[in-house]
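Quick heads-up: it's one chain on its own, the form predicted alone, in structure tokens.
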């Protein structure tokens, strides 16, 4: 596949000329992403008649801009009120919400917006110029490799468990047990459904997500006057544009962190079915592993916020590659886009790049331009959005409850999901009160079923031979990296303690 470099300047300026489509889509996407339970896919489905009534280019530009901006919007409630808008933002509250509690919400939002836009913009450009190479990832990543990638994300449970190993592992295993609810992947036999048909397709993630994070947090903040500490409130009241500008500067200073974590999102996004949740958890875990200050993660550490936000926006361009090149949707939103394109009689696959290269490459160029438009559109709002955290809990709690229960319902249009969210809210509340980390439970719920799915698929292909997990060169490289990731933190900790003991002994000898 030869890249038509001569078309890129024309495509760039043409995408800019469609600002009247991109800007409304960006604003709508941010709102949609910020409402828990809503997603770009749901919104595109609702607006499907509109997408089909205009020409294919305009409809595609609108969908791409909506999809990209909704990823950014999902991080807003995750940071401000500990409510991830989607599964892709589930790792964002780990450090984003502690920053809000400390009165650093404007700074956190600015960092999130900058990491999202720069990560999405960078990966869009990489996808555009490296399209022939990146398409090969689809052919090399199979079930075996996906098993190891899932384990990378699951190993974040071990990082969380480092402070309290027993409680962390119990929470992770409990999440995996909940994730196993539904029909098994071999015979379709229901497991743990307790007779509810609504659970036959598996545990719905959105009710679990909003219950564990949002509802449990709402139950907790009833006990106080504000979600922000007194010192944090004083800081927020006095804050002007300074924290917002500081957040921008902190992200620019960590530009390399944005680059490599967004590339993780791009590569995972290319694999059909992987998704932003896997990318965010994997990027967070890798960010913590390579950090010089891993103990600061979970306390409001900037890099702990930058990593998942860069990765989940890096996924957006990745999901379009298998759709355009192979005709395989990389996710639910890409699947809806594929339906729209097919109804417009657009033939997806390698032939699209030959017959209509302007449309094929224009999609990815539009995504890059969308991220450029996002910077002036959303960044100035960081200061004002953060004021939400100063609202009294007597108003905040019922608002959170109503929005989250509505979001739980919208995902599948089942009233059952609202009751399920309340159940998970109670589980999350008890977990928080007893010192169990709800993030570990959620990781088990999201990644556990996917790990089982890919593992069983690999075992079926190999007719039950477990050595198939070590039959791939790429898979073996990933296994080595996984072991290094798990072992090295403990090795470094042991070396640090040994060095500190030696220095203390030397100091005592000198005295």
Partner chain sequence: MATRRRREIPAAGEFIIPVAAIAFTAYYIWSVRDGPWEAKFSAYLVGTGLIISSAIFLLTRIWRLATTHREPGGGETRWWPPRPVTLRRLALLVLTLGYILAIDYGAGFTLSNFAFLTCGIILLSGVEHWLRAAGVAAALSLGGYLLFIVAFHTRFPEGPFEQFMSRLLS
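All values derive from a computational prediction rather than experimental measurement. Residue numbers count along the first chain shown, from 1.
Although it is not shown, the form predicted in complex with the partner chain is what the next lines describe.
In the model of the complex, at least one heavy atom of residue 429 sits within 4.5 Å of a heavy atom of the partner chain. Contact annotation: residue 340 falls outside 4.5 Å of the partner chain in the model of the complex, judged by heavy atom distances. Looking at residue 405, you'd find a heavy atom of it within 4.5 angstroms of the partner chain in the model of the complex. Contact annotation: residue 46 falls within 4.5 Å of the partner chain in the model of the complex, judged by heavy atom distances.
This chain is displayed alone, yet in the model of the complex one of 193, 291, 299, 101 has a heavy atom within 4.5 Å of the partner chain; that residue is 193.
The listed set 346, 415, 245, 332 contains one residue whose heavy atoms approach the partner chain in the model of the complex to within 4.5 Å, identified as 415. Heavy atoms within 4.5 Å of the partner chain in the model of the complex are found in exactly one of 313-321, 248-256, 350-358, 165-173, that being 165-173. If you take 428-458 and check each residue for a heavy atom within 4.5 Å of the partner chain in the model of the complex, you get 429, 430, 431, 433, 434, 436, 452, 455, 456, in sequence order.
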